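First, one chain by itself: the form predicted on its own, in structure tokens.
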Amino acid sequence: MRSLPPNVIKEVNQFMTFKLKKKERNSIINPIFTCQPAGAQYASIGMDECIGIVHGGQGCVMFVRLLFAQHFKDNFLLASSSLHEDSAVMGGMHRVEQAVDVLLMRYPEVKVVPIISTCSTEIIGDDIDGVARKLNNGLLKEKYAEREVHLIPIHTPSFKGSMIYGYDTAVKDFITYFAELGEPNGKINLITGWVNPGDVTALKHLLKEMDVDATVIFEIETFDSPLMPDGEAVSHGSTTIEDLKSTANAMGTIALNRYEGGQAARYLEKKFEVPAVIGPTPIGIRNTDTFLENVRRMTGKPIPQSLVRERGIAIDALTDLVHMFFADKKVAIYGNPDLVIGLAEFCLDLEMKPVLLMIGDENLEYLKDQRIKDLQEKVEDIDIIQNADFWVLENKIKNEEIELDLIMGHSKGRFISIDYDIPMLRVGFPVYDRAGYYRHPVMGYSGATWLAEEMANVLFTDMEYKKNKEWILNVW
């Protein structure tokens, strides 16, 4: 979302009776997030028979693909219109036309081609909606008349918002394009948001135990792809065109993350009267309980004893750690807003103190988020900062002398952890300096167990590294 004038922020803060801070300068030093087109590209690789064309410079694809490859250790197909200086001056719509033609010739299996704008093409005013209409009436009829091809313009100007808003926009645009009314399908729509394959596996397990059939949007469990004898080494999601068409005929939609799929859920509710439940992100016992209760209410299916037992195992694992090792530990968390809020709520349940939450973009909706208000009421002196960057975290530690026992966030914050000797748990996107983290869930009961045990192990390792023998002797 765009930056807000100071007077608007002041008025909203007064109205909401709580204050969400901004960093004290306009510049960005070492950002937490990347830009909108990255989010749209992440959504596009979650769909089968789909390759997105990013209308902009080649780096707008190259560096995003690098992030995906670093995190998932797999290869993903994305295309670029590859603008050069002449296009920046004279316009680059001919580059989109060429890109679509080459892409369809090179990949005969492709049916869905999102055309994703960037900062440069939005500034010069390239009409991606118009070129899609032109291609539909020209090239696709003349050269590809026998093929099913869908061109979907997605506007993601990188000079405002972030990858979070880009993802949210793309999911809505995909569903707006495909969803069509038909016969009820007896399923629920599950919009997972920007999660890992391990989270999708954990969520599908919960739904299977409840005997609930769901359309997962976008289905990224297949990102953890095998290396087969035929040499196929490209990963992609498995959500199909039919899956998206059928979203209009579901018994309901559950968007797990308010800022990563909430727009699409609200669209389906408004356009097709598909009931929508947005959040909470099922991180921790309490929020997973709420998720299952939402599924039960939507489908009428009971929560089985198998999940009650699974819940009990998770609570037992957490009980082994909470008071003895986690009580009063001070935590800083940064990353995607729903993830940060969910982790902070989980830390509170573990008797920890989330004292610093950093969200890497600015959004008017944050000022209305009841979850943020609840956190500020529960934690004394908590700082929740939007539009934050890593300079905020370093400054808090170095100059404001904030005391931290643990940092939680993606790999880009690792140098602060190293420089200031504060243990860190990698969580979120991207994680590229730890092996296999994308396979492990942070959602569901299994995710709660994994998170708590990893947090404990990070603290134990730090204790050993600092030769802090007394700390362990105090409790054993």
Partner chain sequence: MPHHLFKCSECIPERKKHAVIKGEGEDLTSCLPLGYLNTIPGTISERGCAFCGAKHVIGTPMKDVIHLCHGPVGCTYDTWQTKRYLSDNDNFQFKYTFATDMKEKDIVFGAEKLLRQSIMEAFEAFPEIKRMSIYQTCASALIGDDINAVVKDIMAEMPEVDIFVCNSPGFAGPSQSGGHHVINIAWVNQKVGTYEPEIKSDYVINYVGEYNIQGDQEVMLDYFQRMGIQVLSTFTGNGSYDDLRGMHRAHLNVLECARSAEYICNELRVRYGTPRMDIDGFGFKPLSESLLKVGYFFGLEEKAQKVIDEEVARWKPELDWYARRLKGVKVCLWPGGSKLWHWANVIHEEMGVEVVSVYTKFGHQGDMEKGIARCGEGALAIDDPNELEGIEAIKKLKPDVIFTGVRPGEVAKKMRVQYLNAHAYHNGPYKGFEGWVRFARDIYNAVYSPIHQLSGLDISKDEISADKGFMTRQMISDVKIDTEEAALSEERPYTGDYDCVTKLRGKEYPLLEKSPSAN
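It should be emphasised that the depicted structure is a prediction, and the values quoted were computed from it without experimental measurement. Residue numbers count along the first chain shown, from 1.
Beyond what is shown, the protein has a form predicted in complex with its partner chain; the following relates to that form.
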In this chain shown alone, the residue from Q263, S120, Q376, N249 with a heavy atom within 4.5 Å of its partner chain in the model of the complex is S120
None of E232, E142, E146, D328 but one has a heavy atom within 4.5 Å of its partner chain in the model of the complex; the exception is E232
Check all three, P280, S306 and S446, heavy atom within 4.5 Å of its partner chain in the model of the complex:
no
In the model of the complex, which of the stretches 401 to 409, 121 to 129, 205 to 213, 293 to 301 has residues with heavy atoms within 4.5 Å of its partner chain?
121 to 129
So in the model of the complex, is its partner chain close enough to D419 to count as touching (4.5 Å, heavy atoms)?
yes
Consider T156 of the chain shown here, and say whether it contacts its partner chain in the model of the complex, taking contact as heavy atoms within 4.5 Å.
no
Contact with its partner chain in the model of the complex for V64, defined as at least one heavy atom pair within 4.5 Å: yes or no?
yes
May I ask you to state whether K134 is within 4.5 Å of its partner chain in the model of the complex, using heavy atom distances?
no
Residues in 293 to 328 that come within 4.5 Å of its partner chain in the model of the complex by at least one heavy atom, in order, are none
